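Before any questions on how it binds or moves, here is one chain, the form predicted alone, in structure tokens.
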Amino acid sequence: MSQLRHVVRGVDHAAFPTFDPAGTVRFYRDVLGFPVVHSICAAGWGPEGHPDFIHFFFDIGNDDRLAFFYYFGLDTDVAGHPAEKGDVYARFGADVPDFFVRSRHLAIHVDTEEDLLEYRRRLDASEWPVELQIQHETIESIYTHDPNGYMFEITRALRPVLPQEDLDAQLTIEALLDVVAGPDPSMAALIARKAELIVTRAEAWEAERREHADRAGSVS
């Protein structure tokens, strides 16, 4: 488990390329209501042959921003061409399952069901209606695709995440790292390894619980 000091304060911005800046602005500014808060006009930037571009940012709350790059004169067919460089997860063959493709998405959260349904209303009245609304585990989400084909999610918490769930997440990831280092990773192997970790640490957890109870009793 990491003991490093946690000092970051959220997302400054997440950035994506777009071939449809007009649709992107309509979706995020005009439909969802995210104001444009910053832009960079880069002319003659970079090495020889680099196209001029604009880098523009939407406010998504909490001082976080969502940004896009639009490159002037870039052939839109470049997105469909196979390549030998770049992010391998941004290119998918016909044999890649849809669930894997859809797993790449951006999720933005709101506080209440009322807020979530307001965004559903805005999307359903637009060119990009909600494709799915679902409750899963501790959240409820709506999903659609933005004008660039990126999957976009807005979500709300159904209940607070408990400290026990934080501990469970830490154990799950520790077990996962152990399992994927082996020859045959599977869900069954992960669950078995997680159970082993729980058993080996139960005594220490119980001792810690008793110590806290004793301290609380002495204070009272």
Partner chain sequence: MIALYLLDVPENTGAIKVAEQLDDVKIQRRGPYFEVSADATIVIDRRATAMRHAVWYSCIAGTTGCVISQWDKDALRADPL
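Being a predicted model, the structure only gives us computed values, none of them experimental. Heads up, when I say rigid core I mean the largest set of C-alphas that superpose within 1.5 Å between the two forms. Numbering follows the first chain given and starts at 1.
The same protein has a further form, the form predicted in complex with its partner chain, not shown here; the description that follows concerns it.
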Want to guess which of 149-157, 167-175, 26-34, 54-62 is within 4.5 Å of its partner chain in the predicted bound form, heavy atoms only?
167-175
Interface residue in the predicted bound form among S103, T112, Q135, S126, criterion: non-hydrogen atom within 4.5 angstroms of its partner chain
Q135
Output flag, V11, A14 and A42 jointly within 4.5 Å of its partner chain in the predicted bound form, heavy atom basis
no
Does the 4.5 Å heavy atom contact test between I198 and its partner chain in the predicted bound form come out positive?
yes
Please run the contact check for L162 against its partner chain in the predicted bound form: heavy atoms, 4.5 angstroms, yes or no?
yes
Indicate whether its partner chain has at least one heavy atom within 4.5 Å of a heavy atom of A202 in the predicted bound form.
yes
Decide whether E206 counts as a contact residue for its partner chain in the predicted bound form under a heavy atom distance cut-off of 4.5 Å.
yes
Taking the rigid core as the frame, does R201 move its C-alpha by 2 Å or more between the shown form and the other one?
yes
Has the Cα of R210 moved 2 Å or more between the shown form and the other one, judged after a core fit?
yes
